[in-house]
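The chain below stands alone and is given as structure tokens, in the form predicted alone.
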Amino acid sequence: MNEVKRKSTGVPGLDKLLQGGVPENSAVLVIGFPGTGKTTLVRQVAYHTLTKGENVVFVTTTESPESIKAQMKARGFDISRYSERLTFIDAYSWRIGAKQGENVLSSVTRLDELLILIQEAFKKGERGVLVIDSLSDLLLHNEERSVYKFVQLVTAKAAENNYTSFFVLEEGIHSPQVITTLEYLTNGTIEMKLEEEKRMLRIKRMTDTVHPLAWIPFTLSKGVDVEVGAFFQ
């Protein structure tokens, strides 16, 4: 049996729980209510990937690329030096009437256009990470079946180009059937929650990986810091 190649998340504790990281070329859902740390996690993954000399394609539906860059810099994730390996696809500015430009989506309803922009951003023969933050916006503005088809196509194209995919999904606004379908279409799920002023995450599922199912505390300072000491004593 061939050893599974893994993509480090840049979160040491999480990587340890995942036997070194998520399987390369897989697709992972990151699910939780607002404020639980989902966006920080995927931005941390993106930053870590860039520091390793790999590429990042980042689709943003919730904020402008400029806002994300500023927020990441404030947290210590300065991505300005990695611009040649980072491609933002702006699926946010259409809602404020911004003119379409390079890598700016004309409307979040144009999933065909989004797929083309993502494919064009993949650098052939090089590894990387695809981040979509957030898949929930695509579901809110499109028919569910269209989004399912998009997820199937984009994950296949990403894997074909040696990219590992991370999809952010907001909890509480989608039916259990929608979440179950997306889990069927992807390879893993990381859940995050805030309970009694304590942030926690768990690996609900991850293909080709032996991992605990328990909820594990984490903190948000510079980034996500998972407290895994109790599991490896």
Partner chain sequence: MGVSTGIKYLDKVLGGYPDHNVLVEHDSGAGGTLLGLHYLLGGMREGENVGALVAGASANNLIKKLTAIGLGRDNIVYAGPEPEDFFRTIHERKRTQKECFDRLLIDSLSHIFMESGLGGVDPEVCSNSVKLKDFLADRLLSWEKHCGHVMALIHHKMVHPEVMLFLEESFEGVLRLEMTGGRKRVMKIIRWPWDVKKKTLYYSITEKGFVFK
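In this text the structure is predicted, and so the values were computed from the model without any measurement. Positions refer to the first chain, counted from 1.
This next part talks about the form predicted in complex with the partner chain, which is not shown.
The partner chain contact at Lys52 in the predicted complex, heavy atom, 4.5 Å: Although the partner chain is absent here, Lys52 would stay clear of it in the predicted complex, with no heavy atoms inside 4.5 Å.
Contact of Gln19 with the partner chain in the predicted complex (heavy atom, 4.5 Å): Because a heavy atom of Gln19 falls inside 4.5 Å of the partner chain in the predicted complex, the answer is yes.
His141, heavy atom within 4.5 angstroms of the partner chain in the predicted complex: So His141 does not count as contacting the partner chain.
Exercise: Glu63 in contact with the partner chain in the predicted complex, heavy atom 4.5 Å: The answer is no: Glu63 has no heavy atom within 4.5 Å of the partner chain.
Per-stretch contact check against the partner chain in the predicted complex, the hit in 106-114, 133-141, 149-157, 84-92 (non-hydrogen atom, 4.5 angstroms): Only one stretch qualifies here: 149-157.
Contacts with the partner chain in the predicted complex - residues in 196-224 whose heavy atoms fall within 4.5 Å: Counting only heavy atoms within 4.5 Å of the partner chain in the predicted complex, the contacting residues of 196-224 are Arg202, Lys204, Arg205, Thr207, Asp208, Val210, His211, Leu213, Ala214, Trp215.
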